[in-house]
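In the form predicted alone, a lone chain appears below as structure tokens.
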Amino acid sequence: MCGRYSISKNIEEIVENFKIEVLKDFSAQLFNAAPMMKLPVITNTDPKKLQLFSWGLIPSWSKDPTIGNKMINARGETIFEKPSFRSCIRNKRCLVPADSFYEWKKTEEKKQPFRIKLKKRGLFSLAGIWDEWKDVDGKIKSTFSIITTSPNNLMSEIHDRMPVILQKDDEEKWLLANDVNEISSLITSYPAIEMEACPISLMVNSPRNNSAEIHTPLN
């Protein structure tokens, strides 16, 4: 799964990288983005703007908004079949900007957190889907989920899943594709040779910790 990531670049870098407008109320550097937080996404219906959606998909038809707690990820292998995701993957896709993500490797003593990032791309996009849910008062809540897939050789040493990372040239395709086969072709493991992972401190375990110190590699 993918349960934590970072988007710690400054807002000017994000705007330049994605060629977008940005909401005035977003400027924070997030070293420890966690489920249920409002986080930046770029949607297929408004691809020139950065918007803030809650991490944890609530399908538009759901009667219980707490379902979002269990839907931070969507498995790429079954995403076209699951009722919660099949409409979104066809019609409501998004980019989730990030500069690294975290995963925990089980050891005999503990679960050791790792920071995983790309060697040559400071910013990249995780493939996501989104939806809008309306409460009894008519208030709309926008939410998203990150798509996961089988791990590459690097990630398989740490965990049995990894988020779908899009190649730079595939970001526009992800947002604009209409063909199911084209969408499916983008749900794949990123090349291990272009990634690196390093162990970090247990600070990342608490979402309340949000500082650059989280990125410090262990000696």
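Worth saying up front: this structure is predicted, and the values here are computed from it rather than measured. The first residue of the shown sequence is 1; numbering continues from there.
Here the subject shifts to the form predicted in complex with the DNA, a form of this protein not shown in this document.
Heavy atoms within 4.5 Å of the DNA in the predicted bound form belong, among the stretches 156-164, 175-183, 40-48, 188-196, to residues of 156-164. A heavy atom within 4.5 Å of the DNA in the predicted bound form is found for exactly one of 121, 111, 141, 90: 111. With a 4.5 Å cutoff on heavy atoms, residue 151 does not count as touching the DNA in the predicted bound form; it lies far away.
When contacts are judged by a 4.5 Å heavy atom cut-off, residue 104 counts as touching the DNA in the predicted bound form. None of the heavy atoms of residue 215 is located within 4.5 Å of the DNA in the predicted bound form. Interface membership of residue 34, defined by any non-hydrogen atom within 4.5 Å of the DNA in the predicted bound form, is confirmed.
Residues 78, 82, 83, 84, 85, 86, 104 are the members of 77-105 with a non-hydrogen atom no more than 4.5 angstroms from the DNA in the predicted bound form.
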